[in-house]
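First, one chain by itself: the form predicted on its own, in structure tokens.
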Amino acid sequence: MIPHYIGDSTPDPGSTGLDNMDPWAHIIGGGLSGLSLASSLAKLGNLPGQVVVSEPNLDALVSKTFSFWFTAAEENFLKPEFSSDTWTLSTNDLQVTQQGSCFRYGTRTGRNVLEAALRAIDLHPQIRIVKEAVHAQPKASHCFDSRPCNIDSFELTQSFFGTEVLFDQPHGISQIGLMNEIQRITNGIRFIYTLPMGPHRLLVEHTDFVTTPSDFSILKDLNERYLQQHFDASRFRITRMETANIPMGFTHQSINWGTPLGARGGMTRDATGYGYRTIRYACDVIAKDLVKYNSIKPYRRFKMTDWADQLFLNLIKQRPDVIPNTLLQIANKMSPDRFAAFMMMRSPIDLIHMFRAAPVKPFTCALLGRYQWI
């Protein structure tokens, strides 16, 4: 049971009437980005006005998992529950194992994110969560829109099905299976992601980077087959499942009700889908600017990042057959810390290191638009 108080849209007959006034800030959506902004505001003391978070189903966050690379200096802010300094990538022919020095790969559960945000919000008298769906832009001095984008606007889709299992004995897995058994499929690529979440829990995901969303039932069956092949079925039981279709670029802009947050606001990486770290830091900056200046600057990605990601997306669409070996060559030639920084795209310099490691022909032909030459 998650302890929290959720208000509703029905006025309290005994209220002072303040609840009927337009709020200073209205956050649409109580997912990762909406709650990140609300919890950052909750840490800033007295606010210029009331803050409302509208979310019809808070518990949806419980089924999610967030992963990211982090440094020791970032640990207290990003709060990983589990972490490893080693990760692997593989195809049927080659495996690359990397061990970070400055970077670790961290994971935080949606339940932990939700509980921490609700504790911070519950302690702040000016912030409340309303259990409601919003169907038009609310009246507020500042409105933030973290609604999921329509899937028909995705340029490519990252479709995945995750199966979390609990073992009766330690599973003995300490390294992250980041992208294993990478292979071409009809409309993109597929790989297996294995994530240890403590000594007895393991999350297995089959993930597709595809031009059209995948059938979750197929990915679920692949998870079950993988578990049966690698583990004794009597040793574990399934405790949780999660699915998602994550945007990898957009074909057109969505109509935003105020300042966009999360994937809608460009806070997830088009080429990889990673967004937790960016969302947490971006929402913290937005909260501080909002209180200090009563205005904010929407989050903006580096233009070089968008350009490089588009190049990669075009390669997936046009020549998915070259992607597995390309990814393995990049991982093999980059240092683990450089690779981790590039996957998060912390700086445009990371892009330079990637191109130095990448095979020349695929990216040169992609730049020229001559995919048939690869």
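Position 1 is the first residue in the sequence shown; the rest follow in order. All values derive from a computational prediction rather than experimental measurement.
The form predicted together with a small molecule is left out here; the points below concern that form.
Using a 4.5 Å cutoff between non-hydrogen atoms, residue 133 counts as a contact of the small molecule in the predicted bound form. Remark: residue 171 does not count among the residues lining the small molecule in the predicted bound form, judged by a heavy atom distance of 4.5 Å or less. In the predicted bound form, none of the heavy atoms of residue 271 sits within 4.5 Å of a heavy atom of the small molecule. Within this chain, residue 242 lines the site of the small molecule in the predicted bound form, having a heavy atom no more than 4.5 Å away. Proximity to the small molecule in the predicted bound form, taken as heavy atoms within 4.5 Å, picks out 50-58 from the listed stretches 314-322, 50-58, 301-309, 334-342. Candidate site formed by 65, 148 and 262: every one of these residues places a non-hydrogen atom within 4.5 angstroms of the small molecule in the predicted bound form. The partner is absent here, but in the predicted bound form a heavy atom of 275, alone among 188, 100, 275, 177, sits within 4.5 Å of the small molecule.
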